[in-house]
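The data below hold one chain only, encoded as structure tokens and taken in the form predicted on its own.
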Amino acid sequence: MTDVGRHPLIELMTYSEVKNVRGYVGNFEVTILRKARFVDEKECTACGDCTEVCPVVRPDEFEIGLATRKAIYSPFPQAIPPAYVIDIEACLGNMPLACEKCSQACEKKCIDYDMQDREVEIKVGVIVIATGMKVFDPRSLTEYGYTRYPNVITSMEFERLINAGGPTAGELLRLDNHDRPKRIAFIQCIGSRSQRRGMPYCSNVCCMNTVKDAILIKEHWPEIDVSVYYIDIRAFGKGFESLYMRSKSYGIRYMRGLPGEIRMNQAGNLELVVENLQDGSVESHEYDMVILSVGLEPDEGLEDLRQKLSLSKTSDGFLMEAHPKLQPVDAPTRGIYFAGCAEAPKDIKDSVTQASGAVARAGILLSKGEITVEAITSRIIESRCRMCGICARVCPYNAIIFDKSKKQYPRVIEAACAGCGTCGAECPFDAIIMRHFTDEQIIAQIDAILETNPMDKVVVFACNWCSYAGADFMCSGRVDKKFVLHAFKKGAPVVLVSGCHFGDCHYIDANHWTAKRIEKLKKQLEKLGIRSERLQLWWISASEGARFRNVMQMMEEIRSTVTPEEVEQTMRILEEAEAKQVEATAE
């Protein structure tokens, strides 16, 4: 951190917040809110005279509430810049002045109660997102008594307790009577791997963090009895399995099974009731301290930042990479990269590895001076455009610029366009074509599919990323209603449109427009007297092979109910409707 603060080419904007991001790769304009510190960071020497006289006491966030701080304080040891900051909401010297003790104690006169927030704009070529994560709050799991029993603490609180710079100077003490605990229990998967209360995913770091903490306890205080209650011990990683086996050699006891309840007995100790899954028995054990190994969640501000940067996210709430294997640090939006737990829960080693990859990717792009894009971007045909603005509204990447007041045709920023095709599918005037994936090419594929034995086939428009990799990088957002109608007009008995689940779309929210489009098309088919059941929309991820099989079996069942007479009637109805539309357009 100190090296970063001293580097001549790095500008560190602490106590700041990203308010807005405009532009595209190589030309980002970022608006940053520099929050008022109410202390001149260039003049402050962090002498500490101000904190000694401040009468306001608040819980210390850095110490996870196990210690206190003053209204004027340093956020954490060795903070950069090495200057204090005032918690203005807690300060007594703000509107009207009622205290001013810190200002009077400061010899260098660094404190300014009139300091205001200010916005600055910077221009950058690339952006790296490293927003970190937050830990699960176990208060919702009332059976464990967190905050109700003082000696039930989280793994983060335990880390501060045994830290030499922590509230107890590294001494492991009970929080009720400050005695050294004799028996300690760790409970794993608090808030992780739970469909109902918490997150359904594994948080990756909890098992080995517990193994490390348990070993630290035994190395410093061998007399303490340590037990670990777990579902599975996941020790994947270099040296992790040997560390796990080493912990067992210290006499650390591992029990498969999570406690169902924690109670406090008359002696003030904690009793755990647990089913031992190894032999099926229900056991009760007494401990002086219980440590809840809490899982990891996306940072609170990540969703707001995601929307500002037009990024995709997974169903877990973390950011989605462009490709899990080939582009693991790239965002779907060009020029944006991920590092650390913004993309998924990970330990320090993996975070450093990903950060190195993100820096390398950013350096490659910046060193070029210009970039090349795949030939799958959108192009607007101005002779057909009616300047309705629908394309700019539906584009998930904000890659189409349109200002109706200027009476100019929409303009596609090809560097920002990802080629999802949503704009082309939504344009009511066919004024947008997709390079390489034109309407004519897709319709030709439909014709080829239905050229022979159409009654025996199911036409499927499948997303390349999730449902099927044979669609040549097509998003479900690219499926124009005319493709579906053309398939029915060519004799298709049933048509399936399949894409990513909501929240998992690799093109941010393009599948939301797919759902709206298919719903309108179903109503149109019913109005024409065509069974809407013959058009199906299903969300299937790449990992849901069984679901894909079940959907295809269902499609086959629907296909078997469609008669040749029904198909012929559908073809006739659509041809008549198309003829009427051509006639109306000519008029």
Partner chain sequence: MILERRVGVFICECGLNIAAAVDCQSVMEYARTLPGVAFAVVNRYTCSEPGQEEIKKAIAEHKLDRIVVASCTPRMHEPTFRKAIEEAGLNRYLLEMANIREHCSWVHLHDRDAATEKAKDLVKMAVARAIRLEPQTETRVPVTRAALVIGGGIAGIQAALDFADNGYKVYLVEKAPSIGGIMAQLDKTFPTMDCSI
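Numbering follows the first chain given and starts at 1. Just so you know, these numbers come straight off a predicted model, no measurement behind them.
What comes next is about the form predicted in complex with the partner chain, which does not appear here.
Worksheet entry | 4.5 Å heavy atom contact, D137 and the partner chain in the predicted complex | No, D137 is distant from the partner.
Fill in: Contact test in the predicted complex: F76 vs the partner chain, heavy atoms, 4.5 Å
Looking in the predicted complex, residue contacts with the partner chain include F76, since a heavy atom lies within 4.5 Å.
Item to complete: Answer for V30 alone: is it within 4.5 Å of the partner chain in the predicted complex, judged on heavy atom distances?
Response: V30 belongs to the contact set for the partner chain.
Worksheet item: Taking heavy atoms and a 4.5 Å cut-off, does P81 contact the partner chain in the predicted complex?
Response: Yes, P81 is a contact residue.
Discussion item. Just to confirm, with a 4.5 Å cut-off on non-hydrogen atoms, which of F240, W221, Y149, Y254 contacts the partner chain in the predicted complex?
Written reply: Contact with the partner chain in the predicted complex is made by F240 alone.
Worksheet item: Using a 4.5 Å cut on heavy atoms, which of A267, V282, I122, A169 is close to the partner chain in the predicted complex?
Response: Only one listed residue qualifies here, and that residue is I122.
Item to complete: Choose from 557-565, 35-43, 531-539, 518-526 the stretch whose residues reach within 4.5 Å of the partner chain in the predicted complex, heavy atoms counted.
Response: Partner-contacting stretch among the options: 35-43.
Fill in: Residues within 4.5 Å of the partner chain in the predicted complex, restricted to 332-368 and counted by heavy atom
Contacts from 332-368: A339, G340, D347, I348, S351, V352, A355, S356, V359, A362, G363, L365, L366, S367, K368.
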